[in-house]
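Only one chain is given next, in structure tokens, and it is the form predicted on its own.
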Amino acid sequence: MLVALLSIVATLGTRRRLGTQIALSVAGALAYAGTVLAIVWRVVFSPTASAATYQLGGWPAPFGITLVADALSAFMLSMVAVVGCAALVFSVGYMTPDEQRVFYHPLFHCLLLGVSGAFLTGDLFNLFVWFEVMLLSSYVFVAFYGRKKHTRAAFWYVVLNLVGSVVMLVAIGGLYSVTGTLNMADMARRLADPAAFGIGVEAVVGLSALLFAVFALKAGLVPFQFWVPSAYRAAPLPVTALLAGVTKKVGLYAIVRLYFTVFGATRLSVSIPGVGGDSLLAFYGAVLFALATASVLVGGLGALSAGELEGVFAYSSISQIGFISIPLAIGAASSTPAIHRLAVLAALVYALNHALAKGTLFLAAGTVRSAVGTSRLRDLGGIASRSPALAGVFFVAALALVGIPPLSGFFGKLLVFDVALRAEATFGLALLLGGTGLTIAYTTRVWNRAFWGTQTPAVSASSPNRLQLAVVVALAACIVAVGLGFDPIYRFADAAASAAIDRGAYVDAVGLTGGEGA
């Protein structure tokens, strides 16, 4: 967070000297990636790995503001580092000098700051604050080009998210009133033994439902997906790669952190058709499964009918967020702790694949738009013969979305199917197969329309920017590398999943006592 903050200051101070500003911006992004790498080593892979906490101002939890870097936070930050660095370097070759002078670089680092704060905060109110920091910069990016369609997209994006922010603030205030704390670790230990702290579980159910709706909005799950296609098509494509690859995951991260780690200990008898259990988590499993089902179908069908690359990939993001949510829903509905861990593990691996693949696809769309001057499918054709490298990038990313071995998507999809099989979720398996069929259909359509066949006049006259091409090739190489060297990624995701469900370890890391079973 400090690196991102310093990058904002440095790029603001050099805005009149574009070359210096770009150099400092790229250096800031690389420093950010290096810091994330150090955190990953410290909390996951070092011989003495453990969660790291920092109490701002020296005020101990639960009275002060706590920052927590555990394996789950580190896993999410690693996605930010990879996609963020790629998108920023891509921006240098994609955005015009005038566009980069309009506070592009400070805003980009502000977006990184907001996302990082959301992943690291151990405090519910500060989760809201970092959400707002992230959203403020994304508002500007959606309206960045200033034309009518961009302003309209930004208007609805702002309105929907402002409504979400108000609802989130009301829910947080209510939870503070009911539980007496905003510290997430403290809230988790209190909800594990509500009678001892005089907490009414019924009130927590209603307030957590409000928060759940807000996180579903941030994640773009159906029926809260309306802002996604227009916002993704309006923002500069390097920023869209970050929005689709990373910022949407903040909503999913919040669902995992709050509903598996904090609210998961709350006992509540659940008896609705197809779902039963004694945990608040079981109730949200049924709700999340309904949203995930709708997302897979609506997103997949929308991608089939979209007329330009950005539209296809935007609707695809809605569908893929549904794929990530399915194992979480199945895990939440299960009463078996092993299924909980495997479900979060599958969701994280699939989220990583989605971040890499969708980041690659949006940046590839940017390369096409920059070289050809359009991304409309009816104006494209024969890109594979004009630029085999660019076609290869799309091919790799598309196969990763489908789940073809040995790419990163294969392991993500394998784990998701494994969760559904172990939990005997027949409808979940059918949904996964149907969603995979839709993914094959819309990626094949894009390949046939844009990359295969006869070159159109616009494509024949095009020449991809070398820097942009180098960035997308590097991201596609990451997809291949993750698939070929999956073992450390699996261990990393497994540690993150364990951190998400190990309530006691999270409470202990913050310096409190009592958690699981307390």
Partner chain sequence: MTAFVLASVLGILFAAGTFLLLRRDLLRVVWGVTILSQAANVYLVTIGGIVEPSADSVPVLAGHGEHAPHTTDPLVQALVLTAIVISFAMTAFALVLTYRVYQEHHTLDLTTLGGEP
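Keep in mind it's a predicted model, so treat the numbers as computed, not measured. Positions refer to the first chain, counted from 1.
The same protein also has a form predicted in complex with the partner chain, omitted here; what follows describes it.
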{"property": "4.5 Å heavy atom contact, Ser230 to the partner chain in the predicted complex", "result": "yes"}
{"property": "The partner chain contact at Thr151 in the predicted complex, heavy atom, 4.5 Å", "result": "yes"}
{"property": "Leu421: touches the partner chain in the predicted complex, heavy atom cutoff 4.5 angstroms", "result": "no"}
{"property": "Gly434, heavy atom within 4.5 angstroms of the partner chain in the predicted complex", "result": "no"}
{"property": "Ala389, Ala290, Val140, Val201 - the one with a heavy atom within 4.5 Å of the partner chain in the predicted complex", "result": "Val140"}
{"property": "The unique member of Phe103, Phe410, Tyr176, Trp447 whose heavy atoms fall within 4.5 Å of the partner chain in the predicted complex", "result": "Tyr176"}
{"property": "Segment assignment from 306-314, 168-176, 354-362, 249-257: heavy atom within 4.5 Å of the partner chain in the predicted complex", "result": "168-176"}
{"property": "Residues within 4.5 Å of the partner chain in the predicted complex, restricted to 151-167 and counted by heavy atom", "result": "Thr151, Arg152, Ala153, Ala154, Phe155, Trp156, Val158, Val159, Leu162, Val163, Val166"}
